[in-house]
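Below you will find one chain, with nothing else, as structure tokens; this is the form predicted alone, and questions on how it binds or moves follow later.
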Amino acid sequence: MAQVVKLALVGFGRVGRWVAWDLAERGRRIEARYGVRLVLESVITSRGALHRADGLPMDLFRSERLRDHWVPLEEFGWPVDRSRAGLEGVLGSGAQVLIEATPTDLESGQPGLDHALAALGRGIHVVFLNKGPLVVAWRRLREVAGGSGARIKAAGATAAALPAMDLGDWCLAGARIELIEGILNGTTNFILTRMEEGMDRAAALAEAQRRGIAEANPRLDLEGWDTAAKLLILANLLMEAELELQEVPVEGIQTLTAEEVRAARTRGEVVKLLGRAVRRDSRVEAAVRPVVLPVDHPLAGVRETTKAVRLVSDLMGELTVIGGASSPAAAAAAAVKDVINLAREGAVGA
């Protein structure tokens, strides 16, 4: 008999819509493969919610048009409950797992922080797609979760389909991680690849924007803050680092020139934007900066939008994972994976 896991999804932008579509398209396959029935009871936005206690009809979310374009909730053909907007929807969802997919704010963590604290305080597990709360208030989230017995998952907030969190949490369970080093932002890696080929930074950025790889305002990518946020989450969850963002020196690629990148290549080296966290005695130090790597470094050959992470542990040595799609679909799939793993760990499911 399948384990039933009741879900609430808060935030219905590009990634949130992909989560709903993924659950609709793959739900039966997931149940057959893992014995886990994922029931989406609520889709919550700041303007209202779609809600049904025994699960929303998944046919609502199978339209590719509605998946790929923002539309009002009313177009999904289900009554919109205005009383369940935002935090009220989280509080009244009845879910066992909350998928937090509201926009990331690295300064306040809101509105996702309030949603997560409310859910965790009630013993509801939280799967994060939103980096903001984890960056701004990790200690507080951990304390609230510890008090209620709820769990926190963050694969989708730490490089989408790249299994950086899983590598440390599962593959290196029991070992002490001494180093995390990674190319955690596909946009900057794409731009550096083009600069290495001779394109200047502005032209490379324009190409990335035309392809939909970069946002209209790409500052978080170019200035290194997206990489820093992902590194901070990985270091705090996998290395128990207790770091805050202001403690992480951050230098992006916004001042690099194509001449500098090509010059490194002529010397047999490559330039990569790396996030790096290293254990030094009783503390962990982290930084983000462009680094010149020798061509035989495990991360030197990572090109285009591909991401990678390298972990070094005390007992199991070095592991490097390269790949994983960079897209809303990949981030959504990572969140669904987190829910499946909560069930496999025995945290949810009746």
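None of the values given here were measured: they were computed from a predicted structure. Each residue number is its position in the shown sequence, starting from 1.
FYI, the form predicted in complex with a small molecule isn't displayed, but the following is about it.
Only one of 86 to 94, 113 to 121, 143 to 151, 220 to 228 places residue heavy atoms within 4.5 angstroms of the small molecule in the predicted bound form, namely 220 to 228. For the residues Ile99, Ile180, Leu184, Val135, the 4.5 Å heavy atom test against the small molecule in the predicted bound form is passed only by Leu184.
A heavy atom within 4.5 Å of the small molecule in the predicted bound form is found for exactly one of Glu215, Glu75, Glu242, Glu260: Glu215. Although the partner is absent here, Lys307 sits close enough that one of its heavy atoms falls within 4.5 Å of the small molecule in the predicted bound form.
The closest heavy atom approach of Lys131 to the small molecule in the predicted bound form falls within 4.5 Å.
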